[in-house]
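As structure tokens, one chain now follows by itself in the form predicted on its own.
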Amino acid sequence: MLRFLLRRLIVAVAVALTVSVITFVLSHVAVDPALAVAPDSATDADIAAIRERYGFDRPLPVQYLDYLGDIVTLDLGQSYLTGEPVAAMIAERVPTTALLAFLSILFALALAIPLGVLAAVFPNTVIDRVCLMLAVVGQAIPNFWAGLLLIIVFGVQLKWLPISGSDSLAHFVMPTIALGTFAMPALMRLTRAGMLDVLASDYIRTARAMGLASPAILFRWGLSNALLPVISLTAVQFGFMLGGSIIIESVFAIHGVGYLAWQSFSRSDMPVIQAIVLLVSLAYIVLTLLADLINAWMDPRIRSAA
């Protein structure tokens, strides 16, 4: 297990460094950082002075090494627009986005696993078709459109739920449904496919021939093995929610990391954009690493294969 962990850590560090290089280079190629900082009335001399002041006139590899050194010391720089430390701006908003993503993935799993198991236990029946139809509908509706529909019905017409803000858990109900519904179909289909494979395996047939009760076969032997690929996909979907919350946070005026990213993109505030992209990428890497470790812990074949 230690060998497996070391290999995964080396891969994770390599991926993180690659992401940091790509993010840094693209942010400097896409927008001239000196122009992003300079006011509209700035002259060529002003822009040249800004380049010298912030070090934008130095070679790009030198700037990247400084940037990497700052990241190691958790110094993410300052916002070009507000002058606030970027780390403090992001840290203030991470709990809101993390809570939204956590509630959304719980909502998606609460729907996906029962529906996937149900569809696999009754394959090619009306129940199976209804479950698959729900998955298609969930995948076909864009999350921002689902959010707008929820606002109209439950916020404006029925007045059951607040339509904006993040002051209480009630504010997260509609964003959670909108974000979780979009993630549910892939998890449901994977659960169904995994259960179909497991239920058709020899050891399940043997367990049935030995007279074991169906619930024990289904949940103890079947679901525990079928969920291995679902764990990996759940980690990926959770990372997607952290990054994909930009639209939902904008629709519901939730001041999380996604809303901050949208504001920073619209104003070309590069230090904030770089930090958010790197944060989301690192979240993906860490979640994928955790999923690999959980899978390896649950299935010795994965450890031996590594």
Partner chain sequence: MKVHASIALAALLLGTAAPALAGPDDNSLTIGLGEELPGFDGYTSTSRDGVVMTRHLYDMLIWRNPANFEYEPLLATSWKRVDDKTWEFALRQGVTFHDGSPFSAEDVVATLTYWSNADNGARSQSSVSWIDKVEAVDDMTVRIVSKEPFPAALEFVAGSLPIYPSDYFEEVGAEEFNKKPVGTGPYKLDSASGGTTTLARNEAYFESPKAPSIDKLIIRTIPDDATRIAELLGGGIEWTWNVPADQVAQIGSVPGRTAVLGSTMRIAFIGLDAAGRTGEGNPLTNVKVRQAINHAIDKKTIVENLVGGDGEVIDVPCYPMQLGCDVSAAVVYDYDPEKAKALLAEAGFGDGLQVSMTSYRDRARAEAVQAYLAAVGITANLEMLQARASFSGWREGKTEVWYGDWGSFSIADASASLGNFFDGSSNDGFRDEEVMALVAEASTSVDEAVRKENYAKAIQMITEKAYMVPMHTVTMGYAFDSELKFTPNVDELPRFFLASW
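Numbering follows the first chain given and starts at 1. Because the structure is predicted, anything quoted here is derived from the model rather than measured. The term rigid core refers to the maximal set of C-alpha atoms that superpose within 1.5 Å between the two forms.
Beyond the structure shown, there is the form predicted together with the partner chain, which is absent from this document and is the topic of what follows.
Of Ala209, Leu106, Leu169, Val126, which one comes within 4.5 Å of the partner chain in the predicted bound form, counting heavy atoms only?
None of the others qualify; the residue that does is Leu169.
Just one of Ser201, Ser232, Gln139, Gln78 has a heavy atom within 4.5 Å of the partner chain in the predicted bound form. Which one?
Partner contact (heavy atom, 4.5 Å) among the options: Gln78.
How about Ala91: is it within 4.5 Å of the partner chain in the predicted bound form, going by heavy atoms?
Ala91: no contact with the partner chain in the predicted bound form.
Does the partner chain come within 4.5 Å of any heavy atom of Lys159 in the predicted bound form?
Contact check for Lys159: yes, within 4.5 Å of the partner chain in the predicted bound form.
Can you tell me if Ala36 lies within 4.5 angstroms of the partner chain in the predicted bound form, counting non-hydrogen atoms only?
Yes.
Would you classify Leu278 as touching the partner chain in the predicted bound form, given a 4.5 Å non-hydrogen atom cut-off?
It does not: once the partner chain is placed as it appears in the predicted bound form, Leu278 has no heavy atom within 4.5 Å of it.
Can you tell me which of 233-241, 60-68, 270-278, 250-258 lies within 4.5 Å of the partner chain in the predicted bound form, counting heavy atoms only?
In short, 250-258.
Check for me: heavy atom within 4.5 Å of the partner chain in the predicted bound form, for each of Ile10, Gly55 and Ala296, yes or no.
Contact check failed for every one of Ile10, Gly55 and Ala296.
Can you tell me which residues in 259-279 come within 4.5 angstroms of the partner chain in the predicted bound form, by heavy atoms?
The stretch 259-279, when checked against the partner chain in the predicted bound form, contributes Tyr259, Trp262, Gln263, Ser266, Arg267 at the 4.5 Å heavy-atom cut-off.
For Leu278, is the C-alpha shift between the shown form and the other one 2 Å or more after core superposition?
No.
After the core is overlaid between the shown form and the other one, has the C-alpha of Val251 moved by 2 angstroms or more?
Moves: no, less than 2 Å.
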